[in-house]
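The chain that follows stands alone, in the form predicted alone, written as structure tokens.
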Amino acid sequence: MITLTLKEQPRVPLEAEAISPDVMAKLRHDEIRAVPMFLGKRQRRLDDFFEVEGEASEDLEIRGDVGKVKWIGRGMTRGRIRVAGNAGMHLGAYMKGGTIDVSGNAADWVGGEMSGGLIRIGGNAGGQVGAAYRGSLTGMQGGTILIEGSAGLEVGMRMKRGIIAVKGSVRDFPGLQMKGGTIILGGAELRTGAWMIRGTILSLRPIPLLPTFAYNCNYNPSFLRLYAKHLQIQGFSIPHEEGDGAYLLYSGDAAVSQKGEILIWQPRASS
């Protein structure tokens, strides 16, 4: 295992896309220490900021508050990264495989345009989780993002495939221009599913809906049993048994399509 311990917080964000199993899996200890980082416009060495232990491993552990360290795990295809603390922007962006675990909070753009792998956030996340970058037509195309706390704006914007599950509430525009995949939320603020074309948004609490979503029926979709089994392994549970209640199904967004769906859990009234 390779262990990176932060010496001190950088004063400006540190560009650290080389902190990835794909880069470090075959490097000797001295080569890891010399891996290039960018602090603003200046190229620096990794050991200017981190104490380094270990060599040649697909298993990385980062210790300390790296909330100002950007692009950790960018494009990674294998291995594991564990962050014992907070993580900075663009964590796991363009990720294709492997696992990233963060014990604390994460900043904006977690899993931006990722296509595979698993990201778990133990605290809260910022905005644009699994979203498309500005000017890009497609966001997340596969993989799973699990967030124990809350999240910010535009969760899953333009996502096409994959699962995003947030135990807490999220801010405005979850599922904005969504094209497919599944978003599971503990609640949301305004404009959920705005301009969504396809996909499923599931809320475990009542949420305000745009008038362009039409109520269809109450039901318990069979596919949720598969999702529940998959997520339960990761410590997430979603209600799906008929005896516990039902989901209110709304179709939309009628402004662009009626092929997307929002499911809102309604527990069975106690007798």
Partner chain sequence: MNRADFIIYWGGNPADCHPRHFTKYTLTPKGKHVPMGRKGRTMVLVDVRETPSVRAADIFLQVRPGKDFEVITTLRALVKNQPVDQARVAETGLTLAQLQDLVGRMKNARFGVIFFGMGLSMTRGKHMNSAAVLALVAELNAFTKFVCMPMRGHGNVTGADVVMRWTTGFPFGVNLCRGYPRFNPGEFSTVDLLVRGDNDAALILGADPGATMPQPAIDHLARIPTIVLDPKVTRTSRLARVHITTAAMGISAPGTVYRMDEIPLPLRPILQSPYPTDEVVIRRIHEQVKAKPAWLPASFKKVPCA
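Positions refer to the first chain, counted from 1. Because the structure is a prediction, the values reported are computed rather than measured.
One more form of this protein, predicted together with the partner chain, exists but is not displayed; see below.
If you check the partner chain in the model of the complex, you find no heavy atom from any of 101, 120 and 167 within 4.5 Å. Under a 4.5 angstroms non-hydrogen atom cutoff, the partner chain in the model of the complex lacks residue 243 among its neighbouring residues.
In the model of the complex, the partner chain stays beyond 4.5 Å of every heavy atom belonging to residue 146.
A residue is said to contact a partner when one of its heavy atoms sits within 4.5 Å of a partner heavy atom; residue 28 fails this definition for the partner chain in the model of the complex, lying far away. Residue contact check for residue 229: none of its heavy atoms lie within 4.5 Å of the partner chain in the model of the complex.
The partner is absent here; in the model of the complex, the one residue of 46, 202, 62, 210 having a heavy atom within 4.5 Å of the partner chain is 210. Exactly one listed residue, out of 83, 163, 185, 176, brings a non-hydrogen atom to within 4.5 Å of the partner chain in the model of the complex: 176. Residues 250, 253, 254, 255, 256, 258 are the members of 247-266 with a non-hydrogen atom no more than 4.5 angstroms from the partner chain in the model of the complex.
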